[in-house]
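A single chain, nothing else alongside it, follows as structure tokens in the form predicted on its own.
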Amino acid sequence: MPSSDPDRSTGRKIMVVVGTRPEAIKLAPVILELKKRPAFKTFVVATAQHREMLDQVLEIFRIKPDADLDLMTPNQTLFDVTGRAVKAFEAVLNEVRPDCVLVQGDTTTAFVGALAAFYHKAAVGHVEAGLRTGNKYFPFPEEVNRKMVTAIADYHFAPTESNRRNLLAEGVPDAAITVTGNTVIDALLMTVEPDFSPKGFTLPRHQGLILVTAHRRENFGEPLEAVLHAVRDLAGLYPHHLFVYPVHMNRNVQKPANAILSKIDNVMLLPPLDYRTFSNLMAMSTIVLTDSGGIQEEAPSLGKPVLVLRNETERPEAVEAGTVMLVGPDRERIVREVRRLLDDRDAYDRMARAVNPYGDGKASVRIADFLEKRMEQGLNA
């Protein structure tokens, strides 16, 4: 079990690791909550696996990293990120000597951060624990990253009861799990504003707004092209609707997106958006088409039907609740289901009004409460 320093009379050191934009979004409310509490000394480490997108989110929440590993390089591979990150974590762990390291979700940053903390014999807390698809290659590499973090973690912060059951089935002790809701709802409720007006671009007049995000590694190539052709088909069928697609910086996304969609009048291709702009754009939308994980949790909180451009999801609760539908990277099915939602008001309302299973916006408080209780008992309790 992790060790702790009994001679420390002040707050326990909690090191929070962020590397990508989604991690920063979901950990920002946790960091802010921990910083309020005298029981903790909170130390934020940015790996900068995604440099610009990470910085945008941290700036919005006014969080300044205490250490920046600056790991991003052009065209980096999983081998590159993993190798550099392990060594970089060694130095910062030796300096900070944290009692507990918090990682989030399923990224390479989360896995390597947990592994390095284990080597250092610090406790590991996993925010957004217990999500599973059951297929180690979908999503890739996220499914395996999650399972490896689970094997290392001491504290498992599961968004839902279903996630808790997944962990119990894998042998995680019940006492090490707490169901919190998802911290992304906390972050979302902090950023959506009434009468929001985007900066840097103007939205043309439209009858409805369809928001598109597609960037998953497993969809590169023909699957992504099928998604883009579906958007093109829909733009032709609904010329008074606006299709907005913030395009990921990866050239495997940029190239086909520009080739297939750049000359269509009612399609807006935008650069990646800061979190506040994106959240408010989601709030303005009619339907969301996405292969993202977090958006499956966020959009239903805003009453937006979500069509998931993947064949599997590690968030089955949303499918069961009726807020999300899996359509895969299937051109014909995407077109068919969007048409059904736009043309059938009852079908739209059933999805838009379904109850979101991901919580009430108080997940961060529950995580901090759990950790504070463990501090009182001793981290190894």
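In this text, residue numbers run from 1 along the sequence as written. Computed from a predicted model, the values in this text were never measured in an experiment.
Same protein, other form: the form predicted together with uridine-5'-diphosphate (UDP), not shown, and the subject of what follows.
- Taking the partner from the other structure, uridine-5'-diphosphate (UDP) in the predicted bound form has a heavy atom within 4.5 Å of a heavy atom of residue 25.
- Contact check for residue 298: a heavy atom falls within 4.5 Å of uridine-5'-diphosphate (UDP) in the predicted bound form.
- In the predicted bound form, uridine-5'-diphosphate (UDP) lies within 4.5 Å of some heavy atom of residue 184.
- Although the partner is absent from this view, residue 286 stays clear of uridine-5'-diphosphate (UDP) in the predicted bound form, with no non-hydrogen atom inside 4.5 angstroms.
- At a distance of at most 4.5 angstroms from uridine-5'-diphosphate (UDP) in the predicted bound form, none of the three residues 303, 337 and 350 contributes a non-hydrogen atom.
- Partner contact region in the predicted bound form: 268-276, out of 268-276, 233-241, 201-209, 95-103, criterion any non-hydrogen atom within 4.5 Å of uridine-5'-diphosphate (UDP).
- Proximity to uridine-5'-diphosphate (UDP) in the predicted bound form, taken as a non-hydrogen atom within 4.5 angstroms, holds for one residue of 115, 257, 172, 282, which is 282.
- Out of the listed residues 292, 178, 166, 160, 292 is the one that sits within 4.5 Å of uridine-5'-diphosphate (UDP) in the predicted bound form by at least one heavy atom.
- Residues of 299-333 are not found to place any heavy atom within 4.5 Å of uridine-5'-diphosphate (UDP) in the predicted bound form.
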